[in-house]
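Quick heads-up: it's one chain on its own, the form predicted on its own, in structure tokens.
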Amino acid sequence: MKSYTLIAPAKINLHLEIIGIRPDNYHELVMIMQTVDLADRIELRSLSTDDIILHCGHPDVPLDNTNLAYRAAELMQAEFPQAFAKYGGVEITLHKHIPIAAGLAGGSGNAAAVLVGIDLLWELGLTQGDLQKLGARLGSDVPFCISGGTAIATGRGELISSLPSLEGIYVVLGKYRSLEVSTPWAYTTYRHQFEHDYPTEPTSLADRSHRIHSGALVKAIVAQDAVKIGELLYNDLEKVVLPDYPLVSQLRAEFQRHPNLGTMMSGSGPTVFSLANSREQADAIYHQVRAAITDPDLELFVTQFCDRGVRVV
């Protein structure tokens, strides 16, 4: 039986701006996203049956079609019935290293890896663009997880424009293991509180979403200016998550107390991160936060920016 092992990196948001409401009632977003070396490992193996079998040792990961990786396999079966009939089903094993429900796109990365892996198992020869179009049907972060690196994401987050890769920037991540923030809740709450600020004309929506392409953060990325990048971190969802989740707010404040390039919540949370200009600075942040917050429920990770998305081992 053929098999592949793939690595699916986590992602953080360097910029998350909610522009307004699209005609399809989704939020129009402008994000700058970055993959990091913290990653899950996904093993795919062909089966001689028509089944999708999903394994994972993490007790909180569902093993049915509520799991995005499972749904990615279902999507490939539906889209490519002849290949499915020829090659059969797939056994998927997830080795989780990215914390779940963390705003780090762990589930989206797993789905992206399944799309890439089945393309290889079934010898479909799909392009990255083909895979990203399929991924957009599963979730807004999936297309980015396929390509990774540094990129601007617009629309619902599914329209990806690559930026120059960033090197030498380290990241310290912190997440309370038992704490989750609902992404739909975060966006709905933001809409209730700030909808009066949304542009009402489609042209205004487009103008605001295009501004980021020539904005200060993009210029800092092109210049590889890590200090400026840290200064320009931005996340609209902090406005609703931090007031309602004091643990996230306190963790962010603790991260910010220690020398770093910049601190922010990633996505809809509850993960908080600080950027560092060296491994030594990142390790110092890690140990200082761990000394200040001894709660064993708090998970901390040191990682660094990477220039890729899903890759085959």
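When you see a residue number, it is the position in the sequence shown, counting from 1. Keep in mind that what you see is a predicted model, and the values were worked out from it rather than measured.
In what follows, reference is made to the form predicted together with cytidine-5'-monophosphate (C5P), a form of this protein that is not presented.
Checking 148, 230, 99, 139 against cytidine-5'-monophosphate (C5P) in the predicted complex, a heavy atom within 4.5 Å turns up for just one residue: 139.
Contact annotation: of the candidates 234, 80, 194, 187, the single residue with a non-hydrogen atom within 4.5 angstroms of cytidine-5'-monophosphate (C5P) in the predicted complex is 187. Contact annotation: residue 183 falls within 4.5 Å of cytidine-5'-monophosphate (C5P) in the predicted complex, judged by heavy atom distances. Though the partner is left out of this view, residue 41 does not reach within 4.5 Å of cytidine-5'-monophosphate (C5P) in the predicted complex, counting heavy atoms only. cytidine-5'-monophosphate (C5P) is not shown here, but in the predicted complex it comes within 4.5 Å of a heavy atom of residue 27. Contact annotation: residue 95 falls outside 4.5 Å of cytidine-5'-monophosphate (C5P) in the predicted complex, judged by heavy atom distances. Stretch 139-147 is the answer when you ask which of 125-133, 139-147, 219-227, 87-95 has residues with heavy atoms within 4.5 Å of cytidine-5'-monophosphate (C5P) in the predicted complex. Contacts between stretch 155-178 and cytidine-5'-monophosphate (C5P), counted in the predicted complex as any heavy atom lying within 4.5 Å, involve 156 alone.
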